[in-house]
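This document opens with one chain alone, in structure tokens, the form predicted alone.
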Amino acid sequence: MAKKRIFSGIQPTGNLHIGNYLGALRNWVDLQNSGEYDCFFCIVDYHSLTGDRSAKERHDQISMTAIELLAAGIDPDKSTLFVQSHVPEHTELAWIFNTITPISELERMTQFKDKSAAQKQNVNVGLFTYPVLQAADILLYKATHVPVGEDQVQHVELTRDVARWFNNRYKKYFPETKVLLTETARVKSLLDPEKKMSKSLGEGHVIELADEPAVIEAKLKKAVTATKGGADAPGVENLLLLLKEFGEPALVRSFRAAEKNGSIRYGDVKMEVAHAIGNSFASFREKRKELLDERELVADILNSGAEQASEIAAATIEEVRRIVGVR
């Protein structure tokens, strides 16, 4: 019996941070190591073109993202890791899907609204059609499942719709990809805990996986807390969430109790969080340093991944061309 197939991607828009790790990467590694899935993990550089980074920044970050994914546990012997632009069939299938996707469906996508608000001087067509390329990324490999948190379900639903529209117009060919709903910790910005932790907010808002312990400690010292705990203090909740994910359960219980009786010392919480995160990613930092000196190995891994992906992608596109009548 064939394995279920997973596809998921990440943009090369900055070094990986703990929000990426808790929101996706940790789950990718678990799924990969479960042996239950045929995993395709993609650095989606074409998607990143919709943003504001320079060509050099983007070029350098593609390699760094690959290095950090490998350092975090993505295993090229267990998963197919590749760069989106190395497999041109992604954009060809996206164009075909553009011709069957109603504008009204894209207008309701929340990501377009959010991204447009974040880069008001660069509201481009790519931001609008981004979900169509995302659907092409997934369906090119006939992925049966996409691992996402609740906030990303809308994108997989559109992918299912695209598959249905294609199948109804031409013939039944693409699977209706299922959501592999995963519980993800919703990590907030250190400086603005009302917002999701994001590289786009600035360096001080995130803790990168590669940050040295002293850097982590310095960032956490500046993290927003409050004079009141509970729901009125999202900054405190964020710190305790991080401690829950990376620290000892007994510490979390102790600080929760102190929060309730008013004896909590936020400086102590920050110090424990810093130690816990620093220790958790010690092996990641070491592996990352090794891979930075082995760029040719990383390039070989990506080239091999692209070759594996291309075998499937080329077969899919050849059949799709025939189905739509351009072959």
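Throughout, we count residues from 1 along the sequence that is shown. Here the rigid core means the biggest group of C-alpha atoms that line up within 1.5 Å when the two forms are laid on top of each other. Please read these numbers as outputs of a predicted model, since none were measured by experiment.
Not pictured, yet referred to below: the form predicted in complex with a small molecule.
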property	result
The small molecule in the predicted bound form: contacted by all of 237, 251 and 254, heavy atom 4.5 Å	no
Contact residue in the predicted bound form, chosen from 86, 196, 78, 244 - any heavy atom within 4.5 Å of the small molecule	196
4.5 angstroms heavy atom contact with the small molecule in the predicted bound form for residue 138	yes
Distance check, residue 10 to the small molecule in the predicted bound form, heavy atom within 4.5 Å	yes
Partner contact for residue 186 in the predicted bound form: the small molecule, 4.5 angstroms, heavy atom	yes
Contact test in the predicted bound form: residue 107 vs the small molecule, heavy atoms, 4.5 Å	no
Segment that reaches the small molecule in the predicted bound form - one of 164-172, 126-134, 98-106, 213-221, heavy atoms within 4.5 Å	126-134
C-alpha of residue 148 moved at least 2 Å between the shown form and the other one on rigid core	yes
